[in-house]
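Just one chain follows, in the form predicted alone, and it is written as structure tokens.
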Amino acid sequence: MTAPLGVGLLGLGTVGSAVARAMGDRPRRLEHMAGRPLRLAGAAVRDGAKARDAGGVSVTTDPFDLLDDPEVDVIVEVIGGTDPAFDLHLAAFERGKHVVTANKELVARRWNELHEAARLAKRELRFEASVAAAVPVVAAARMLAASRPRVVRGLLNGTTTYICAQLDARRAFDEALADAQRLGYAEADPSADVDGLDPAYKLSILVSLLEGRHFHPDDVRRTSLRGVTAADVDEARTRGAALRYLATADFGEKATKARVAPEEVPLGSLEGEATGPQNVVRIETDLAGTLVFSGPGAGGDATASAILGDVIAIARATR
């Protein structure tokens, strides 16, 4: 029998807890798909006394308890941000661990360093969950390596899609944002969403994959959603359109131009009909034509699905 694949979690918030629950609830399914058992060794957290719905996984406040564990083969990082996540990624590679992450900011900003560390360690760096959660757009971008990209365009942030749908219903921006925060779609500080940082990170990752080189998120021009008014929504309606917060990259002959901004979309389109946390991504290429992806781009279970898909891929490749 093939030895189990040991998994260590860094972070046990909404996403980490969903990963832990899924590993506890469906071990046979995961083993069947991975070709070997998956064993959750534990999770590193900041507050070891905090109650969590994470299936009874053992916790530690020292991430090096997992990083230094010889029976941990894969580190799943769901802390977020760049500090201390970047140093923990490097520490994992130095110790011969594969890394799976949902950390869009870290992957977008430290692309070259992370890929080089993985290459030198001869280990996997996988990040399907960093863009659009359960929607497999990272995998699709990898598979389009032979095609020349023309345009990437879509809804990459569920919070702003919800807010835009509320604006369609004649609600004021501040009221819609407050509702999004109450429902858990938006953080107490919503600037990453409504000012475009979150979709810029995701667009940066997709462009980097499609171009085969790092496209820095600072090169994505951002226009905040905060300035959208009821009059803007009404004016779009007169043209049979809705306003949505779109992330777009145009791949020109000499340079790629990328932006995140409120833009008009046809009312009957997938983008125009989107109302909640779902993502919609269109990728236009020369060889493959136009590919369209739509599905849940946020939430613990959806993100856990993508993370575990990456873990399974590593397990199958290392049997």
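This one's a predicted model, so the numbers in the text were calculated from it and none came from an experiment. Residue indices: 1-based, along the sequence shown.
Form predicted together with a small molecule: not shown, discussed below.
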Triplet 159, 185 and 202 all within 4.5 Å of the small molecule in the predicted bound form via a heavy atom: yes
Option touching the small molecule, based on a heavy atom within 4.5 Å in the predicted bound form, out of 244, 98, 89, 104: 104
Residue 23, heavy atom within 4.5 angstroms of the small molecule in the predicted bound form: no
One stretch from 256-264, 290-298, 65-73, 32-40 that, in the predicted bound form, holds residues within 4.5 Å of the small molecule by heavy atom: 290-298
